[in-house]
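Only one chain is given next, in structure tokens, and it is the form predicted on its own.
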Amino acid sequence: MSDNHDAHDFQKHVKRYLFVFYALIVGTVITVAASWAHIDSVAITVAIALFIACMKGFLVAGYFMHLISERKMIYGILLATVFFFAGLMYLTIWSMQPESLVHIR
């Protein structure tokens, strides 16, 4: 009886990993298709590519790194990392604005 239960549990995990694998392949195909699409705005193209990359990153981190089943502390650390990364990206983009440059004569 235990062997049958273990085999069923193993098959359940294999199916989940195969689903994630196929989802990553589909995400890659969509990313390549988006790069071939002729969109006038570069910002929209980059936003689409980043959205797809974030979804694929979530799948990898969530399922292959087992963050979906981890405790709240892991999510807190992940949230703090995202907060500081977004802040650093904001500061980088803000410092590149032409009006923020000081011209010394």
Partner chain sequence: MDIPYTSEPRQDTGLFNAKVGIWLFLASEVMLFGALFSSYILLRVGAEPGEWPHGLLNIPLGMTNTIVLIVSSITVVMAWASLKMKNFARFKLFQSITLLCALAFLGIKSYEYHDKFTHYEVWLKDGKIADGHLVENNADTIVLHHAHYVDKEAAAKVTHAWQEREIKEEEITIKKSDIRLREGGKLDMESYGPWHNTYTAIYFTLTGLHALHVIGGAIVIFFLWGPLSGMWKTDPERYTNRIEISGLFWHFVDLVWIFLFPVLYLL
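Only a predicted model underlies this, so the values are computations on that prediction, with no experimental measurement involved. Numbering follows the first chain given and starts at 1. Between two forms, the rigid core is defined as the largest C-alpha subset superposing within 1.5 Å.
Keep in mind that the form predicted in complex with the partner chain is missing from the display, and what follows is about it.
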{"query": "Contacts with the partner chain in the predicted bound form, stretch 72-92 (heavy atom within 4.5 Å)", "finding": "73, 74, 77, 78, 81, 84, 85, 88, 89, 92"}
{"query": "Residue 89 C-alpha relocation of at least 2 Å between this form and the one not shown, rigid core basis", "finding": "yes"}
